[in-house]
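A single chain, nothing else alongside it, follows as structure tokens in the form predicted alone.
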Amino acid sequence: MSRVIVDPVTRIEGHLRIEAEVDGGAVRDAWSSSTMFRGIELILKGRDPRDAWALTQRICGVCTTVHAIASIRAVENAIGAAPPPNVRLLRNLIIAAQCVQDHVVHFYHLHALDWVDIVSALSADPAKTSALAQSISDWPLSSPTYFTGVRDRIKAFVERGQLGPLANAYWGHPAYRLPAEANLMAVAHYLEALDWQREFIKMHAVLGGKNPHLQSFLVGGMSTPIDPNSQSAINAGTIAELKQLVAKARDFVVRVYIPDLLAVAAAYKDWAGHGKGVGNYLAYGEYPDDDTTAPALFLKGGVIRGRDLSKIAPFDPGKVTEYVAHSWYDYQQGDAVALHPSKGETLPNYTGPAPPYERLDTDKKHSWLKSPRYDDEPMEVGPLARMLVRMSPAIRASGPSWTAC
């Protein structure tokens, strides 16, 4: 049995180290380690809580908005602030815009290189690529001439030898399954998605002042003015611009992103059986639909255990805890205790080897991440968990909200 180390894993925000034991080509065990200490909790100590959102969103250059809104809501819940309806609408638009952008960016710019062999695209027939693209979508950029131009751009890029973020990949690996024409189509859409995200995220510039790290959040409100008679505020013209950005973004998602996703997935169907998780799913809930203290949520919260989709329990934020038994932190009550985040402590104590190191002692403390649990069980969160919970008729009818925290 051999031990494989991947450090750093770079297609994430921050630093991650993966160590795996491999036997006969199969992973028998694996460990992850966050190798970067952030200490946002310590940075916030002694500061005005109304400024927490501006600091916490800088923990990440991609998922900035979620950290900001979580901080805003925590302070609002603590002081009993009730933002007006326009604030809810503006925040929902900002959060949803980042959600859509992140999905597209993840698929094309962070994930596609695991499935798409860019160098293989050099041997593609543009006419066959055009026929393939038109068979799955009526997207207008699908002519043989267009794909010839993309292929020539890739060829010039490869011949210069300056591959930048595309260097050190798996080009030519036999595990790639897409034919050359599908690779060329995917590369073309990879490039188009770069332009798409730049245009779509202008919503954040309009509503939030900039992207990343929006500037318009406030405890109890938003600093984005709304005045139909002012050129420097959200007015009829601004709303029309936002509608246009949303329409163009949706068009790309429907006619490019989703067809590409289905085309790639069809070539790797058996991969759905690899790397299964623990079978427990948790969705916190998002997008308030009203302005009550416990609003109905467009995406409800809920908990699934043991892959049993017939039983979806309400989400109880009081059951969330964090362990530090394998983390480079100490709890005053001892490392065996699990603490709710509201009572959690950030007492860093690095006991690992001096970097750079060849191997972590994974039986001991080996990460800067704490281990979160729900009702003392590990959970999977994210898009799949949200959709599985959303599918439940019971959760659609009623569900808890994040204000309970």
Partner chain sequence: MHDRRAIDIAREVCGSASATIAIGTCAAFGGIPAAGPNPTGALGVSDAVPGVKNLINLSACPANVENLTALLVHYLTFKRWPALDQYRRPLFAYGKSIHDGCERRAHYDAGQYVEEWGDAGHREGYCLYKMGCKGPVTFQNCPHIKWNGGTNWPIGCGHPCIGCSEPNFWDTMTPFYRHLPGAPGFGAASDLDKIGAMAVAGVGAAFAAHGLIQIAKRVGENRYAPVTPPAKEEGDR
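Residue numbers count along the first chain shown, from 1. The shown structure was predicted, so the numbers you read here are calculated from the model rather than taken from an experiment.
Quick note: we don't show the form predicted in complex with its partner chain, though the next part is all about it.
- Contact with its partner chain in the predicted complex holds for all three of G39, A205 and S216, each having a heavy atom within 4.5 Å.
- None of A30, L347, L55, V337 but one reaches within 4.5 angstroms of its partner chain in the predicted complex through a heavy atom, and that residue is L55.
- Though its partner chain is absent from this view, in the predicted complex it lies within 4.5 Å of a heavy atom of just one residue from P84, G237, G209, P144, which is G209.
- The stretch that touches its partner chain in the predicted complex, counting heavy atoms within 4.5 Å, is 229-237, out of 170-178, 229-237, 280-288, 324-332.
- Contact check for R47: a heavy atom falls within 4.5 Å of its partner chain in the predicted complex.
- Taking the partner from the other structure, its partner chain in the predicted complex has a heavy atom within 4.5 Å of a heavy atom of I43.
- In the predicted complex, its partner chain sits within 4.5 Å of a heavy atom belonging to E358.
- Put simply, Q244 is far from its partner chain in the predicted complex: not one heavy atom of it is within 4.5 Å.
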